[in-house]
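One chain follows as structure tokens, the form predicted alone.
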Amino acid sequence: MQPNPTVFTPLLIAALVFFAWSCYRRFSLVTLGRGEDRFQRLDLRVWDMLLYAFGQKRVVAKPFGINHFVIFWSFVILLIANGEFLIRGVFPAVSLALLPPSLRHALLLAFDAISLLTLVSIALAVGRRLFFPPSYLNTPYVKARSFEAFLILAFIALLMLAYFGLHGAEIAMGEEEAAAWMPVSSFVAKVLLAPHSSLLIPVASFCWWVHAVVLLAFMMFLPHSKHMHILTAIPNCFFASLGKPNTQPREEFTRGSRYGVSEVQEFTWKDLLDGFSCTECGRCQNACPATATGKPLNPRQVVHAIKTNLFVNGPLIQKGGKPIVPLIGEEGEGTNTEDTIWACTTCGACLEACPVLIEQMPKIIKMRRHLVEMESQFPEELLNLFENMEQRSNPWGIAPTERTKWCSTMEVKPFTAGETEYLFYVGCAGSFDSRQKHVSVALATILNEAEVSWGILGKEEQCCGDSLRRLGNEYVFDKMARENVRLFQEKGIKKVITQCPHCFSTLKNDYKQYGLELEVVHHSELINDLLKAGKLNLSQKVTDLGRVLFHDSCYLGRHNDVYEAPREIIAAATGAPPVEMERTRNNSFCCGAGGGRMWMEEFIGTRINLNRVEEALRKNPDTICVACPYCMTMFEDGLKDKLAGQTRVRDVAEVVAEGLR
């Protein structure tokens, strides 16, 4: 059943022109962004595209994601059927009938089965939004029962129903010789249409036009809706960062330059493409510790605000005008507030959760850089931090001569090139924090017991600068990094042991940008290797810790993929693996101290560390094990607030040191 091509052809041409024009208007805005090289290692990029875009790896990680997987692949496969439909509407002689019968029959069977499966998936999606919407789909930003969501679902359902109506009518009229390969359409023909033979031609014509109008309407609507991600998600996965979100781009400091991002065109083109690719699924929001504790930060809304800002300001900028909607300012559509920007803990949970590999957290750091470096506008408590870092290279502003007080009761040698294998980079917390000093002593004891060749820098050691970089003070970080790189190179340091995941990540990842290649090992990794190699033998099992629960540090786990080492240490030292949190490993929940939040107060919402402590206490632990000084502080403070003094916090090094006694 084919309507007159002279009617359909102009409609198709008009729809295609409108679609192309809309895509050009939208995607030309991406070119306003700054340049960025995202073309290296094409082999890895193709693999990520296949794994995350076509394989839907992160989508199916959640149970309902399987439903989206079905809809996605149905859309991909039915592109063939819809392509043939459009071409045949213009050139009736061109159809699947030109293919070899075996191939055509296989395609028709696939189209029939997949169309039915799509209808079921659409029904489930509608039912979920109506009756069982997840909490993150009912927020001030996104509504489960939004008009657009139901419109798209209705479009897809109508396409499937029109497909069955059209082919069912053709089968009932005897115009389809391959009816045996179309079971669902044959069922429609037999049960619904055959008893009404006089209506077959009108039904076929009606269904054809419904299919045509909906298909063309969907095509024209797509570039103007949030479902634009259908066009951009696949390339976004291709251009995604190849590494973990464990570093930030360097800035070159020259007179007259601007730093950070204050206007939308100052983002890179990939940052802007991210905005087009957001599916608004809510997974980043659901994983974000700031959102979970009532802070104004919502990673999804940050990306949405950037996209909205681009839609308003982009056309003006293209014409040589200036933006009219501020990127950073008072609350409003297309604007991120300062409270939003400062709420981020840089835990990376949003990046880990995003199905299409959007990079939310780095955009926040770029806006922080502008506030700090261009406006000198930041939370008041950070003023002391920045001054202390510049003047005495540690957050507390303590004199550098105090860095060795932690080892006053034991003999510790300075690092000597050619004689010492490892530098024990103690870090600011390990040197100055009264609680973390115990961990430093425990680790030193372990290193001596295993006869590891190690030394320290003593008062020459400086802060690695992690908090500075994540807070947006790139200028002071850059100065500190250069000084550290020079010192390490002068000392001939090649191997480094750290007890702080933030020092570990910064020395290992950030300092590569300054030409310093180090073999950096976190103390949990080294201790685990020593135990496995038999170089460290525990004299007894540690049995007085009771029920041991382990918490994953964001900067050790999610940022650097170190998950097993601390768990294996606890199992070796206590004789049993640790109890796991509800949110664990790459799904772990932040302690609240990352991204410089260690040095800031939480005036909005509830405290992030209390959320995590409450989760821990639900497991009834006697001991909570950590592998990070920030986590140590946040858990001990949280336990005091919860009056849970019977629960102890121990670093994994302390557990092993106890087994050496």
Partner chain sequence: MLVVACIKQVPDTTQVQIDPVTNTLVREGIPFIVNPYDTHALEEALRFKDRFGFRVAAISMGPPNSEATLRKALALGVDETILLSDRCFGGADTLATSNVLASAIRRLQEQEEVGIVICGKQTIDGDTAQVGPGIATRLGFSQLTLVDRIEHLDREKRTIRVRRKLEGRHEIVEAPLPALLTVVRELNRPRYPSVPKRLASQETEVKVWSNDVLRLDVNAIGLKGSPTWVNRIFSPERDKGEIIGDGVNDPVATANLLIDRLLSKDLLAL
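Just so we're clear, the structure is a prediction, and the values are computed from it rather than from any experiment. Numbering follows the first chain given and starts at 1.
The discussion below concerns the form predicted together with its partner chain, not included here.
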{"property": "Location of its partner chain contact in the predicted bound form, chosen stretch of 495-503, 380-388, 577-585, 203-211 [non-hydrogen atom, 4.5 Å]", "result": "380-388"}
{"property": "Contact of residue 373 with its partner chain in the predicted bound form (heavy atom, 4.5 Å)", "result": "yes"}
{"property": "Residue 296, heavy atom within 4.5 angstroms of its partner chain in the predicted bound form", "result": "no"}
{"property": "Partner proximity in the predicted bound form: residue 179 to its partner chain, non-hydrogen atom cutoff 4.5 Å", "result": "no"}
{"property": "Non-hydrogen atom contact residue 399 with its partner chain in the predicted bound form at 4.5 angstroms", "result": "yes"}
{"property": "All of 229, 276 and 283 with a heavy atom within 4.5 Å of its partner chain in the predicted bound form", "result": "no"}
{"property": "The single option of 432, 73, 259, 221 touching its partner chain in the predicted bound form, heavy atom within 4.5 Å", "result": "259"}
{"property": "Proximity to its partner chain in the predicted bound form, single hit among 105, 88, 244, 479 (heavy atom within 4.5 Å)", "result": "479"}
